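Only one chain is included here, represented as structure tokens and corresponding to the form predicted on its own.
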Amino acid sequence: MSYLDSLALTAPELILSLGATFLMLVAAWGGDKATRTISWGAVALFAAAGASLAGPAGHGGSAFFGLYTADAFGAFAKSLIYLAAAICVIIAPRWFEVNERNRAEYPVLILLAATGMGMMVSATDLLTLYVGLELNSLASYVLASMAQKDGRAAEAGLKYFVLGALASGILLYGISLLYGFTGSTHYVDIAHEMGGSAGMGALFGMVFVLAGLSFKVSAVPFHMWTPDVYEGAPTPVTCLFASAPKVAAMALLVRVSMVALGPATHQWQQIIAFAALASIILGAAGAIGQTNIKRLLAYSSINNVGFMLIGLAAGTREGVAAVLFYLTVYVVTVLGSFLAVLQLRDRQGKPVEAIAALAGLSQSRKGLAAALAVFMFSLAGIPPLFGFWPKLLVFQAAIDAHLLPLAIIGFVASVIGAFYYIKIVKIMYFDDAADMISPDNGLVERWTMALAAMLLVVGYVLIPWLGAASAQATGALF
């Protein structure tokens, strides 16, 4: 395959990286006044990158001598990434106008982060994986600390950077071990060696690689950065962290586990099962005492990652398809949740993050309270909302893979998690009104939030289509 053919397969990354470079020049000349123009330019680039997935970039095969692959699995994940990133770009200018000042570099950083995410999900070599992950991480560290007036943002950025550097070191050490004991960094070659005479050294490398990737998906015990970063980062940035990078990291973990480490399924299955249960239990227990809505959503993120890992622990085609289905519904739910949080403002227009401030919200902001209730019930997996279906799929995949104890414990732990979601609804509908939330005029946030809530209510009609799409994407790995 020629370099031109390989470049055609990497069209989404080329569009985003070249577009980010151009918009960076626009930001340098136009300054913060050009933020809205740059933001809509970034959205157009995400649309163009998504459209390019309909061509060879979505199903063209291997590129650059096996370092990168363009397949249905990568295209599925990238579609979710670009959608989430575009929404996080659109909602940001209004937040920064009220709380800080518009930052022209914000959409550029998201473009660069999304470029790294695309490389992560399409990587078929450990070095490509690492380059994509670091490109995403470096942009994310800056985004986390972008709110200069809020001391929590600087703390969040520093914690994210220090712990992220530690996780990157662990991952790189694991990569070096796998290379040393298998003789290759290519996924297929690693799988071939592990299926033959892989020894203890390669298994140690696998453990370190999985530990480094667990940090990126904020799975227990590598979750400690999540609550502080979610609380301290600007809310549009937190919305980004909870959606697009989560998709990229989970898709990356799935591809590495199923393709590179496939012959060692019984070894990594135990690690993933432990991380799944620990994430579900700690995510549920840790959220109970939270008083800040963003920290509560951080623990909710950890909890939901645990359910996704149950699907991965199954190690089957059905389990991976359930993970992709879960990711899709989760992205819609978490985007809607943070869009609702963005509308929580006091009379001075300042963000309100205290859960107690939601008291009586159903009386003053009926639509916002109803939407937030839909998101909370969906995150809890309570039927008939759409969030119930992906949980059912991952439990079914675990049972079919003879992991009945894992499914039972996960189901019981999900009941604990439902407590704090229902608590939010109870505060909004049954507590005495606090009268702290003022009406908000953000049309983009309101209509996007309403669309997300509507999808969760009527989402069951999409099950045949979404199930077929996730099954087709999964087929690329098998």
Partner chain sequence: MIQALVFLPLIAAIIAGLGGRWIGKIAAKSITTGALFASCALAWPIFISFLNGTASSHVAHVLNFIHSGALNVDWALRVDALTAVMLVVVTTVSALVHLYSWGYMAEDESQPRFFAYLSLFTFAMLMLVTADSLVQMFFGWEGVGLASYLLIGFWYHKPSAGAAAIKAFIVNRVGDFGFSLGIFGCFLVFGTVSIPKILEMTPGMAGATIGFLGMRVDVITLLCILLFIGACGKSAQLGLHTWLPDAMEGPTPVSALIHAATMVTAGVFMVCRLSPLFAASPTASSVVTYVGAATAFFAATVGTTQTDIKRVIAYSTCSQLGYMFFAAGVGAYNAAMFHLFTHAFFKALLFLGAGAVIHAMHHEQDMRFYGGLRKKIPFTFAAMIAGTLAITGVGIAGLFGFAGFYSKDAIIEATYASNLPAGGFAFVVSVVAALLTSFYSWRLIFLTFFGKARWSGSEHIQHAAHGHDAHGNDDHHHPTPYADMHDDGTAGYLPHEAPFSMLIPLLVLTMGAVFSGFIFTGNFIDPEAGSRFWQGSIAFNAGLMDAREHVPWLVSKSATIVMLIGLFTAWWAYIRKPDVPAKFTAQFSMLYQFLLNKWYFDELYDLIFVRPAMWIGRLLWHRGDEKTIDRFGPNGVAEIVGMGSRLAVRFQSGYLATYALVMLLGLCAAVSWFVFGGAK
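Residue numbers count along the first chain shown, from 1. From a predicted model like this one, the values you see are computed outputs, not experimental measurements.
The same protein has a further form, the form predicted in complex with the partner chain, not shown here; the description that follows concerns it.
> Counting only non-hydrogen atoms, choose the one of 359-367, 126-134, 318-326, 288-296 that falls within 4.5 Å of the partner chain in the predicted complex.
Heavy-atom contact with the partner occurs in 288-296.
> Each of L4, S6 and H192 near the partner chain in the predicted complex, meaning some heavy atom within 4.5 Å?
Contact check failed for every one of L4, S6 and H192.
> I'd like to know whether A211 contacts the partner chain in the predicted complex, with contact meaning heavy atoms within 4.5 angstroms.
The answer is yes: A211 has a heavy atom within 4.5 Å of the partner chain.
> Can you check whether I175 is within 4.5 Å of the partner chain in the predicted complex, heavy atom basis?
It does not: once the partner chain is placed as it appears in the predicted complex, I175 has no heavy atom within 4.5 Å of it.
> Since only the chain is shown here, I'm wondering whether Q270 would be in contact with the partner chain in the predicted complex (any heavy atom pair within 4.5 Å).
Q270 belongs to the contact set for the partner chain.
> Taking the partner chain as it sits in the predicted complex, is K350 in contact with it (heavy atom to heavy atom, 4.5 Å or less)?
It does not: once the partner chain is placed as it appears in the predicted complex, K350 has no heavy atom within 4.5 Å of it.
> Consider the chain as shown here, without its partner, and state which of A154, L392, V98, M224 has a heavy atom within 4.5 Å of the partner chain in the predicted complex.
Checked against the cut-off, the match is M224.
> Could you work out which of A278, V188, V207, L138 is the residue within 4.5 angstroms of the partner chain in the predicted complex, going by heavy atoms?
Of A278, V188, V207, L138, the residue with a heavy atom within 4.5 Å of the partner chain in the predicted complex is V207.
> Residue by residue through 159-188, which ones have a non-hydrogen atom no more than 4.5 angstroms from the partner chain in the predicted complex?
Read in sequence order, the residues that approach the partner chain (within 4.5 Å, in the predicted complex) are K159, V162, L163, L166, A167, I170.
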